[in-house]
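Here we start with a single chain on its own, the form predicted on its own, put down as structure tokens.
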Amino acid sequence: MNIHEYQAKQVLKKYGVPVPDGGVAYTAAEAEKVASGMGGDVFVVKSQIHAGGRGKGTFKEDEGKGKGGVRICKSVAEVKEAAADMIGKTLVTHQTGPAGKEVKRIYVEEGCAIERELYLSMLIDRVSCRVTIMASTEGGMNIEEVASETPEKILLQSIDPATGIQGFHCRKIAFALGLKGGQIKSCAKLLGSLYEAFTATDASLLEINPLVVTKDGDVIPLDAKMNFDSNAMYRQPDIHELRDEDEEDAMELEASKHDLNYIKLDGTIGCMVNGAGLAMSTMDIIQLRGGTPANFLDVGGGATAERVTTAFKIILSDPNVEGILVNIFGGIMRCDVIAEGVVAAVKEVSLGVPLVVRLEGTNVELGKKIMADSGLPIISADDLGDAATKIVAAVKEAA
């Protein structure tokens, strides 16, 4: 689960992380009020969408010729003008894709006298099963570029969960970032607070880019991005309330309500599979046979006929889908239950695209019989390779 920058800073502030003062606004008038209440003469107005690269992004309505989604303003009047120019427009960045995302709120933050820009993140390392801190002197840049061009400028520090973050971890990171004197103490305190926030909220990613050193020697996060483990939200009600469903894909949101794991892709062949590994293999072999997968959809190991019907509806809600491949290995899940679900779904949704079904496992012969006796145009396949070949051919023939 993702949240906005202003929400991430609110979360971090609860754990003692020093963040600049700021406030969220949904209209230009609200932005003006926020800036007026902050004082000062330098403000930063930031578009709030679930995507990075906002500063380098452009608004679709400006045809790529306008200002970006993050702007420095030197008066309250400029804040109001910038907010009016952002809210309601579609911001396109390298992470949103060409469709972009509509800006429905902005964040007004006090200006900061920056001396240096650094990079810092915390994430779960799946190999070591530990929280790992990533730090670099190259703040303000895409970390992917730094990793590709100058990997020696990235420090990785793994934290043992039995001990938590220790003083020597903090000093090692501070030295690697080139901090000196009081900056080291400031950095150590910050790292302790960040680690506490990360672990206490079941975060999966905390990225600060840039982490800045001010001219007063303070080390503070100028930006903040946080992702959380969706499976842990049952014990994080406060975090779950921060979810912005408007920022999520409508089909993925609908799938989550039915405990279906769905991710929309750019292809034309819809996939319904049980098991993440089998789903990945199915997408691979579709690609290998000359097709392109339209989605990742894992119905899980305990799918019912109703969930299969819902899965079909979600797949078909994508206008790019020109064919569907169902690939089920019946272990815990019985093939006859899947077959009943497929038949019910085809009847209910008035299927207008080719459908290939490959079943294997428990009650597979009964499942095949149910589909054969249905009288519906369901193409049966013997194995995964056969299924991929048949669906790709059927889509080409129907085109």
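Computed from a predicted structure; not experimentally measured. A residue's number is simply how far along the shown sequence it sits, counting from 1.
Only in words, not in the display: the form predicted in complex with guanosine-5'-diphosphate, which the text now covers.
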inquiry  = If the cut-off is 4.5 angstroms on heavy atoms, which of these, 44, 355, 337, 364, is the one near guanosine-5'-diphosphate in the model of the complex?
reply    = 44
message = Which residue, 222, 92, 239, 213, is the contact with guanosine-5'-diphosphate in the model of the complex, using a 4.5 Å heavy atom cutoff?
response = 222
request  = Spell out, yes or no, whether the shortest heavy atom distance between residue 129 and guanosine-5'-diphosphate in the model of the complex is within 4.5 Å.
outcome  = no
query = Contact between residue 143 and guanosine-5'-diphosphate in the model of the complex at 4.5 Å, heavy atoms?
reply = no
Contact label in the model of the complex: residue 110 to guanosine-5'-diphosphate, heavy atom within 4.5 Å = yes
query = Taking heavy atoms only, is residue 96 within 4.5 angstroms of guanosine-5'-diphosphate in the model of the complex?
reply = no
remark   = Counting only non-hydrogen atoms, the one stretch of 366-374, 343-351, 54-62, 33-41 within 4.5 angstroms of guanosine-5'-diphosphate in the model of the complex is 54-62
note = Restricting to 66-104, the residues within 4.5 Å of guanosine-5'-diphosphate in the model of the complex through any heavy atom are 70, 72
